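Next up is one chain by itself, shown in structure tokens, the form predicted alone.
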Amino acid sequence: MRIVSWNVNGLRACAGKGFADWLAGAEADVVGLQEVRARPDQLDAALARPEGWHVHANPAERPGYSGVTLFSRQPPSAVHTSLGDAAFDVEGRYQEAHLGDLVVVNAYFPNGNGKNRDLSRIPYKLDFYRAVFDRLEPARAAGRPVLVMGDFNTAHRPIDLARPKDNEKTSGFRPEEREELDRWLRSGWTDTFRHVHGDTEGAYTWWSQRGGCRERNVGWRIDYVLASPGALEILTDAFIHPHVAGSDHCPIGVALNL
């Protein structure tokens, strides 16, 4: 089973850059999209209901903002979108799909910046992390295979961004954000890419659209698939596809023996 995650930075814009062709050739069983920025009724049928896929969308209430969508070859037995807090739910950031015994979470974790890059959203961001963690803790502790994939908006270690010294005070690489990822890993979650590829350098998933950053690979690794111990047992591969254009992020994913 191949499971892929991609922050598309606006699905309608990504559609104009080859998204449909990418989806057709992705050889994926599950695809989670973040930052969709559109309701299903704003999308062409080929995007809203592509042939061969079961589609579940969780758009934000605010138009043109946030939103996650899940494509799966097999219908999930259940899809949950609420974290039990309206402050999170209105932004359309969470999907939890049950596919047999496997739980796949597609999440768009908040950025810590406010409107003026004033770091004012960091408390909200960290509260979202904790809400997702707490919701999944019973399943993780029970040994169920659980994957949490998406745009985490945090680079975990200096190796995960090209210019760590320049960004120590920037949301996405601040100590309190990195510590929250540390807490997940200490609690039994595994960063699948690092588990498979170790300390591979230059492995990024997001690049600024200014200054030719992508061409020069001046990027950040802020998209992850985290695995519970139960999911780690069936993990066979983890990957980043930086060659795939269409967004300022690139697709990532895992393969499972399932």
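What you see is a predicted model, and the numbers here were worked out from it, not measured in a lab. A residue's number is simply how far along the shown sequence it sits, counting from 1.
The following text describes the form predicted in complex with the DNA, which does not appear among the structures shown.
Undergrad: Looking at A24, I234, A245, A13 here, can you tell me which has any non-hydrogen atom within 4.5 angstroms of the DNA in the predicted bound form?
TA: Looking at the other structure, the residue within range turns out to be A13.
Undergrad: By the heavy atom within 4.5 Å rule, which residue out of Y108, W184, F128, F71 makes contact with the DNA in the predicted bound form?
TA: Checked against the cut-off, the match is Y108.
Undergrad: Does E177 reach the DNA in the predicted bound form if we count a contact as any heavy atom within 4.5 Å?
TA: No, E177 sits far enough from the DNA in the predicted bound form that none of its heavy atoms falls within 4.5 Å.
Undergrad: Whether K17 contacts the DNA in the predicted bound form should be assessed with a 4.5 Å heavy atom distance threshold; does it?
TA: Yes.
Undergrad: Is it the case that W189, even though its partner is missing from this view, gets within 4.5 Å of the DNA in the predicted bound form, heavy atoms only?
TA: Judged by the heavy-atom cut-off of 4.5 Å, W189 is well away from the DNA in the predicted bound form.
Undergrad: So in the predicted bound form, is the DNA close enough to R62 to count as touching (4.5 Å, heavy atoms)?
TA: Looking in the predicted bound form, residue contacts with the DNA include R62, since a heavy atom lies within 4.5 Å.
Undergrad: Select, from the options 72-80, 151-159, 134-142, 96-104, the stretch whose residues sit within 4.5 angstroms of the DNA in the predicted bound form by heavy atom distance.
TA: That would be stretch 151-159.
Undergrad: Using the arrangement in the predicted bound form, list in sequence order the residues of 181-220 with any heavy atom within 4.5 angstroms of the DNA.
TA: Going through 181-220 in order - heavy atoms within 4.5 Å of the DNA in the predicted bound form - the hits are W206, S208, Q209, R210, G211.
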